[in-house]
Structures are given as structure tokens and as C-alpha cells.
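Single chain ahead, by itself, as C-alpha cells, in the form predicted on its own.
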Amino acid sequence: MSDTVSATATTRDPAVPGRPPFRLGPAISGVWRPRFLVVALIGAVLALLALAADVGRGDYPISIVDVLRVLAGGGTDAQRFIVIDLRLPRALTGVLVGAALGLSGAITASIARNALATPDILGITQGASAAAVAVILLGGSGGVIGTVGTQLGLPLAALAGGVATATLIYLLAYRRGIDGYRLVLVGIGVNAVLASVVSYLLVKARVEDAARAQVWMTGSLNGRGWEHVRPVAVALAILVPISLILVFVLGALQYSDDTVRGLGIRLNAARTGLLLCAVALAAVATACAGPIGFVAFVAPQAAIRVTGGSRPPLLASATFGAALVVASDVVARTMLGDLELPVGIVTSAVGAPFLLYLLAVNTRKVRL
């Protein structure tokens, strides 16, 4: 009798040392990883504190405690007006854009099994930038691109450019399926071509238009309002639950293609669905705040080192991306006194040395 009970318990709850199993319905099962949740919560707390510091910065300084009190429903009428109506949209845009970029980078790096396979490297954000720059520079010329772009608006044009670029990369990389290394190489090539197109447009444009486009291409949160918050909030509300459901497939994609097919997973359909989520997140984020560099690379790589997992954790990558963008915005607004820098300059200053560090570490491992 005891042997029967023991066998039944083993069948229902497959034992994983130190990780209690769970099941949600007939299709979703896994094991609890409390460290992943704790790291994600720490990232969320850091993002909240950075948001409070960013909101409190300005001609009428407000302490972090008072900002948090206003966000909780308290504070004076003047504080609520300054925080909610004037400053919160900019900081909230940074939180949402950072979360979208961090989540997008985690998905693309996991699919390609390559840390460098982020939307920045693959050319997705460059495609969004090329479309936006074309709208800015050709919007008043009466050309076809300018006319279509003017009708769509800058954010929608950037979104369309990102999606179109991702589709082109997918078609060029597809050879009876998607290989991670081929996807990265094709993406780097497309990225280079689009960068050349952007440079050509800047050279041919008027100085005033080129300067305006250059500011947008740096990635900035200046002047962001509730109209910028809503699109990326809606995108995250739709795509985050889908990504969290597909994370079970994403875990299987870390193995070889034959192993994945042996597990009964439709490999190409799974990769296509995950890539669509990542592309939509990156394109919407770029459309709202411009191409903020290195966030999609730094946040997942920082999260994977803190959690100690084999691939970037999605929730932790999203919260780390949010904290990175808003904290960088605080630095960009304070490091030169009254002169504010675009947030993309600070994130690039953080991300470039981090990239060189990872390359040096990986090179040392290969030599050993």
C-alpha cells in the first residue's frame, strides 16, 4: 500500500532537488524558482526608487518620500499637480520603455542562444530609427515616404519600420527554420545597411532637420507625456502575459533543435511567436522614446548573472531594464547641472564598457 502511494506521489509531483513542482492546467507545469522572483522584486523596488528620484528632480524639488506619498494617494494639492500632471509621464515612460527593451532583449538572446542577439544588434531598432528619420527629414518634401510617414505619425512610422525590418531579417535568415547564428549574422548585415541609409539621409537633409533627427536618434525622454505612456503600457499589458506563457517553450529552445522536436514542440512556430513578441516590444519602445542604446543588452545580462540561471529571466530583465533607464535619466538630468543630456547617452556610456567586459571574459574562457 505504501509503495502504491509513493509511486502515485512521484508520478504527480516529479521530484527536482530543492525546487518544488507546480502545475497550471494540463499544458503548463514547472518548478518554483524563488530566487528569480526575489531578484525581479528587487529590480522593481529599484525602478520605483529611481522613478521617485526622477519625479522629484526639477525647479520645485520634492523628496523621494513625498513623491511616494503622492503616488500612494497623499500629499498636498500642489505636490499632486506637479507629480501626477507634470513629471510622472516622463518617468513612467522611462519605466515602461526600459521594461519593454529588457524583456525584448531577454527573448531574442534566448532564442538565438547568443548574448549579442539583442534588438540593437539585430537591426530592429535601427529599422525603426530609419523610418522615423525618413519621416522627420522627408515629411515636408511631399515625397511618397514623407507623405505616408506624415499620415502615420512618427511613432507609428517607427513601429512599422521595426516590424518591417524584423520581417526582412526573418525571411533572409530562414532556411527550413531559423538558426541562431545565421539570425545574428543577417541582423548585423541589415543593421549596417540601415545605418548607411540613415547616414545618407542625414547628409542630404537640411541642417535644422538633421539636428532634430539626431536628437531623436540618441534616445530621449524629454517632453514625454501621457500620450507616450499609453501605447507602450498597452503593448506591455498584452505582450508580457503572452511572453510569460511562452517562457515554458523558451526554456526548451535552449536545447538542440532535434531535442526540441523530440519534446513535441513545433520549433518554427514557437520561435516565430516569440520573435513577434520581442519585435513588437522593441518597436513600440523605440517609437515612444527613440533608440535608447544597450538597455536590451545590459538588463538581461545583468539579470542572468544575479539569478545564476542558464538564460536571461524575463521578469528580472524587464525590471532591471526599467531601473536602468530611469536611473540613467536621473544621471542625465543632474550630471551637468541645468544642462540635460539625452538618456541614451548615459545608457550607452554604461553599456559599452559592459559589452567590452563580457567580450574580455568570454575570450579568456575560450583560451583556457
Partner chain sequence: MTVTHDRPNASASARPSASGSSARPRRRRPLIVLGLTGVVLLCIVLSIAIGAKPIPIGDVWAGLVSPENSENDVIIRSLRVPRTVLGLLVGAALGIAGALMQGHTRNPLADPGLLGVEAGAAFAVVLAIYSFGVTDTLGFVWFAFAGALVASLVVFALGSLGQGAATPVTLALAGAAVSALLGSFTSALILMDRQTLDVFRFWQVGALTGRPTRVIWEVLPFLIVGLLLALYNAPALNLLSLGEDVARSLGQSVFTTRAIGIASITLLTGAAVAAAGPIGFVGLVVPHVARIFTGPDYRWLLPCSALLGGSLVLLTDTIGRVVVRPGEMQVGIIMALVGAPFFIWLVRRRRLAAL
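By rigid core we mean the largest C-alpha set that fits within 1.5 Å across both forms. It should be emphasised that the depicted structure is a prediction, and the values quoted were computed from it without experimental measurement. Numbering follows the first chain given and starts at 1.
The same protein also exists as the form predicted in complex with the partner chain; that form is not shown, yet it is the one meant from here on.
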Hey, in the predicted bound form, does residue 230 get a heavy atom within 4.5 angstroms of the partner chain? no
Using heavy atoms and a 4.5 Å limit, would one call residue 76 a contact residue for the partner chain in the predicted bound form? no
Is it the case that residue 189, even though its partner is missing from this view, gets within 4.5 Å of the partner chain in the predicted bound form, heavy atoms only? yes
Spell out, yes or no, whether the shortest heavy atom distance between residue 196 and the partner chain in the predicted bound form is within 4.5 Å. yes
From the candidate stretches 87-95, 196-204, 278-286, 155-163, select the single one in contact with the partner chain in the predicted bound form, where contact means a heavy atom within 4.5 Å. 196-204
In the predicted bound form, does each residue in the set 45, 48 and 255 place a non-hydrogen atom within 4.5 angstroms of the partner chain? no
Sort through 82, 116, 247, 240 and report the residue having a heavy atom within 4.5 Å of the partner chain in the predicted bound form. 116
With both forms fitted on the core, give yes or no for whether the Cα of residue 204 moves by 2 angstroms or more between the shown form and the other one. yes
Taking the rigid core as the frame, does residue 168 move its C-alpha by 2 Å or more between the shown form and the other one? yes
